[in-house]
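One chain comes next, on its own, written out as structure tokens in the form predicted on its own.
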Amino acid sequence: MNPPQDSAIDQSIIDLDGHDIRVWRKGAGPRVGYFAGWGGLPRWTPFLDELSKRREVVAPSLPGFPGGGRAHLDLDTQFDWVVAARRIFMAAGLEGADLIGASVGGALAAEIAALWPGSVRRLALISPLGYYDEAAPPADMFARRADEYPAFLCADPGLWRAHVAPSASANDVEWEIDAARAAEAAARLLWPLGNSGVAKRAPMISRPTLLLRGDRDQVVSSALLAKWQAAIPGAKVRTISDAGHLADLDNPAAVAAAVLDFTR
């Protein structure tokens, strides 16, 4: 597990049934949690830097994603995933904080807000996965080759390539294993239809909720985001220009500004 390149980032480890789960922190101010999107968080991002100018950002890894080791192998059901995410959330000190979930992380952030409403102050979901609707299904991520991901996930494919490229201090082989493990973890949570069943629980989300989507998102359509909005009482929607599925990678300043305005 490589240390962060930025000395201002504090790294700690929490235990999840014998598995090490990495937690990164940076900034000062009211605490905000972040569950990363597809591919996880192999490195700190400009979006998190923007948030950390005004908030204390806490970014715990999710099981199987970079910094989450092999913890996903113990998660056999959707219930297992939700409980694991809740335990990580609590151990990271996020109880009562604002919570951001992107893509895959959005599926689990929504579950925490639905099932433990008092634990989240405000919820921001960036093109969340997990909601399946036959009339507006999410794109099948598992039918894509790895070399298709850059143009499929980001409006600027180079941003995805840079995000997952090995750092100067990284072991290239271990980095590739981490990337493969992240895809496996996403599959264990969402395969085959990208359906976690969260549609049944989304109406239970009672905390103020902001839904964000890049205008060039090829994974979550505007029609599917409208389903999320209809399910979550009072949810607001913001469209981010010049951004794909991982809008916080494509347009970090705009997404951060929207989230900071919503959670102030």
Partner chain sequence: MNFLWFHLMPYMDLPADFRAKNPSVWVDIDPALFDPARAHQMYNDYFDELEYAAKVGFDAICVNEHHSNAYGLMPSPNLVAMALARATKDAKICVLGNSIALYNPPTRVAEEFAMIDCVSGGRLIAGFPVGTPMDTCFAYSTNPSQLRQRYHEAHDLIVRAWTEPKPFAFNGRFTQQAHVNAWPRPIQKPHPPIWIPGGGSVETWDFCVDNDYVYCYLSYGGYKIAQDTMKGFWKVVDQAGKERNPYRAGFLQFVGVAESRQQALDLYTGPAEYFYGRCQHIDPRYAGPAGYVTEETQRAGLTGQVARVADRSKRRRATEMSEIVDEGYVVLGTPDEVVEQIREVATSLHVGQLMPLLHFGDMSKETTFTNTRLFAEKVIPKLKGLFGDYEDHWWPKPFAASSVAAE
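For clarity, every value in this text was computed on a predicted model and none was experimentally measured. Numbering follows the first chain given and starts at 1.
Keep in mind that the form predicted together with the partner chain is missing from the display, and what follows is about it.
- [ ] Give a yes or no on whether every one of Leu75, Arg145 and Pro192 sits within 4.5 angstroms of the partner chain in the predicted complex by heavy atom.
- [x] Result yes, every residue of the spot touches the partner chain.
Open item on the list: Even though the partner isn't displayed, in the predicted complex is Arg70 close enough to the partner chain, meaning a heavy atom within 4.5 Å?
Closed with: Contact with the partner chain, yes.
TODO: Classify Ala187 as contacting or not contacting the partner chain in the predicted complex by the rule of any non-hydrogen atom within 4.5 angstroms, answering yes or no.
DONE: Because a heavy atom of Ala187 falls inside 4.5 Å of the partner chain in the predicted complex, the answer is yes.
Open item on the list: Contact with the partner chain in the predicted complex for Glu174, defined as at least one heavy atom pair within 4.5 Å: yes or no?
Closed with: Result yes; Glu174 sits at the interface with the partner chain in the predicted complex.
Open item on the list: So, Ala180 and the partner chain: in the predicted complex, are they within 4.5 Å at any heavy atom pair?
Closed with: Judged by the heavy-atom cut-off of 4.5 Å, Ala180 is in contact with the partner chain in the predicted complex.
Task: Heavy atom contact within 4.5 Å of the partner chain in the predicted complex, the stretch among 118 to 126, 104 to 112, 137 to 145, 161 to 169 - done: One stretch meets the cut-off, namely 137 to 145.
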